[in-house]
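Next comes just one chain, in C-alpha cells: the form predicted on its own.
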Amino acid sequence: MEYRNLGSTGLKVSVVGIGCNNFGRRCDQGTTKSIVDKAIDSGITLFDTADAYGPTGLSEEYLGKALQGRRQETVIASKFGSPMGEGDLMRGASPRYLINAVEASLKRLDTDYLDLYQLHFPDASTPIEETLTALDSLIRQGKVRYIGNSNFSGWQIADAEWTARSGNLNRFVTAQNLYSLLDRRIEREVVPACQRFGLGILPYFPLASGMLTGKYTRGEAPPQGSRLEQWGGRAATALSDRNFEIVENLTAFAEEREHSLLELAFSWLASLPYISSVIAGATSPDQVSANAAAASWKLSAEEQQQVAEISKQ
C-alpha cells in the first residue's frame, strides 16, 4: 500500500480509503467488522464516514465498534451538515449546529478526536467565517485535527481559503468531490483551486456507481440490488451510450495491458499528484482486497494521457 500526505499536511493516509456509507445500510455490524479488519490488514488507514450515513449516525456507530482496539492504526474522517432530522436546526454549518454535531459523532465513534472533519455540503445560509471560526475552535480544543470541505465549487474553495488566511484561522486541507473517469467536471475549477491552495482531493464514487467495474451492460436493465437499479429513472444519464462507449474503450485499454477496468479506474486517479486518497465503498472483505490492490498499477505519463483522451467529455 502506498501512503501520501493529506494535502499539504504532515498526516499520512493510504492511497486507497474506505467509504463507509454502506455501514448500517447494506452492511450489518458483523460485516462492517470484517470489512474494517480486512482493510486495516491490507494497509488501508483512511475510513471516511458521515453523521448522515447509515442512516443518521448508524455508520459512525458501526465503525466505532469495529475499530475497538485498532483506533490508533487508522485515520477517521467524518462529515457534518446534512439533515439529521426535521427543521433548519438539524442541519447546516452554523456554529450552534456543528458544535453539537461533532460531539454526537465523537460519541457514536467512541473516540476522543476526529482526524478530519468535513463540511458535507456548502451552506449558503451561514457565512463561511462563522463555520471556519467554530471549526478552528474544535482544532484548538483537540477534538478535531484537520478540516476539509466536500462538494465545494472552485470559487467556494478560494473564498474559504481567503477567509481563513485573513482571520488567522485553520484552513481546509482537503476537498472531497465526485470524480471518476466518467465524471471529470471538477478538473475545470475545483482541481486548479486545490492545486493553488494545497488541498488534497479525496474522490468519491471513483467507480462511477459500478459503471467502471463492468457491472452494467449496454441495452440491459441494471442488475437487481445495484446502485443504479435503486436510482430508477435517474440512472438513465449514467447508462448513456456515450458512457458505455467510454467504458468499452477503457476496458480494451486495460485488457491490452493485462489489467482490469477496476484497476484502471483506481490507478488513473492515484496517478494524479493532487489526489491524497481514493475513497471507495465496500460491502464485503473481498471487495476491500480488490480495491486495496487496484491502485498498484503505475501508469506511465503516456498511458495517463491516453486514458485522459479516451475519457474526455
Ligand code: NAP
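Numbering starts at 1 and follows the sequence shown. Not measured: the values here are computed from a predicted model.
The same protein has a further form, the form predicted together with this ligand, not shown here; the description that follows concerns it.
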Partner contact for Ala208 in the model of the complex: this ligand, 4.5 angstroms, heavy atom
yes
Could you confirm whether Lys215 comes within 4.5 Å of this ligand in the model of the complex, counting heavy atoms only?
yes
Using a 4.5 angstroms cut-off on non-hydrogen atoms, would Leu262 count as touching this ligand in the model of the complex?
yes
Is the gap between Ser105 and this ligand in the model of the complex 4.5 Å or less for some heavy atom pair?
no
Every residue in Thr74, Tyr146 and Ser277 with a non-hydrogen atom within 4.5 Å of this ligand in the model of the complex?
no
Only one of 159-167, 132-140, 117-125, 192-200 has heavy atoms within 4.5 Å of this ligand in the model of the complex; I'd like to know which.
117-125
Which one of Ser271, Gln29, Thr251, Gln287 is close to this ligand in the model of the complex, taking close to mean a heavy atom within 4.5 Å?
Gln287
Pick from Ser94, Thr111, Asn243, Asn151: which has a non-hydrogen atom within 4.5 Å of this ligand in the model of the complex?
Asn151
From first to last in sequence, which residues of 16-49 have any non-hydrogen atom within 4.5 angstroms of this ligand in the model of the complex?
Gly19, Cys20, Asn21, Asn22, Arg26, Asp48
